[in-house]
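The chain that follows stands alone, in the form predicted alone, written as structure tokens.
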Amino acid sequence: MKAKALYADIRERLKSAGIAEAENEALIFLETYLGITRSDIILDEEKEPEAESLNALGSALSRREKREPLQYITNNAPFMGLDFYVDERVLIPRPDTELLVEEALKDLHGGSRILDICTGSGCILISLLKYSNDCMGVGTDLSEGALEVAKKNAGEILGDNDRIRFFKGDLFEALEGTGSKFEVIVSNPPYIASGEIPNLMPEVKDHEPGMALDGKENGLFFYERIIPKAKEYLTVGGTLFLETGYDQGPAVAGLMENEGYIEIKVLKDYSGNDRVVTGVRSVKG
């Protein structure tokens, strides 16, 4: 089989299924399952894939045609230059969330303690620890399945170490009574209004975990819980970093202001949408 013909066949199957990124995904499928690279396609190399590999590719394509996310099929989601294992137990890491990590990294110093609420795959916390020095982190999540994925990613990316721990609980519940304090708290909580979820792409509404998406009636439910409680776990001068929906910046900033946070900032992503809100715990907070 010619590599170019294989690529064209997969691309057209994906296009027919309504996949917007059919060209790019066809390349990923070919390299993942048949070891065929972009260079092979350009040179139109002759390839003789094994039957087992072709069967695996066919099965994967059938799943994608049913609009199952590519990341769940390949069990891989790139984030911050790292490869994270993902499956239907966790939200797929998005490039927009990298802004949250980049901003939090600016606030870290050697020995900083980080708390990640709604950790999911662990992509935020693990990235922060990977790209900082001598920091320690705690991640909490209500989903046991999500915590299993996070622990797997921590082991593969950070190796065996005692700088990261995960606890099951509803937001701060797992830490109550511990007296734990953190210089940085980060969270990408569920923030999509319940009524908007049926309008999402099939990949999201039919496959990603609903509890990681649903921000209740107005999408602000979890911010209303996190922002007041975070003050109990932040050191004075510590910073809370929250990812938000594209139009939620002013509302989340207002919640922070009402709770006495200072130096509040609403940061926009590369598309010009509100994406991260930060605030510092004051002495009075």
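All values derive from a computational prediction rather than experimental measurement. So that there is no doubt, residue numbering starts at 1 and follows the sequence shown.
Beyond what is shown, the protein has a form predicted in complex with glutamine (GLN); the following relates to that form.
Residues placing heavy atoms within 4.5 Å of glutamine (GLN) in the model of the complex fall in a single listed stretch, namely 115 to 123, out of 175 to 183, 159 to 167, 194 to 202, 115 to 123. The three residues Pro228, Ile262 and Gly279 each lack any heavy atom within 4.5 Å of glutamine (GLN) in the model of the complex. When contacts are judged by a 4.5 Å heavy atom cut-off, Ala212 counts as touching glutamine (GLN) in the model of the complex.
Within 4.5 Å of any heavy atom of glutamine (GLN) in the model of the complex lies no heavy atom of Ser127.
In the model of the complex, at least one heavy atom of Asn188 sits within 4.5 Å of a heavy atom of glutamine (GLN). Among residues of the shown chain, Leu91 is one whose heavy atoms approach glutamine (GLN) to within 4.5 Å in the model of the complex.
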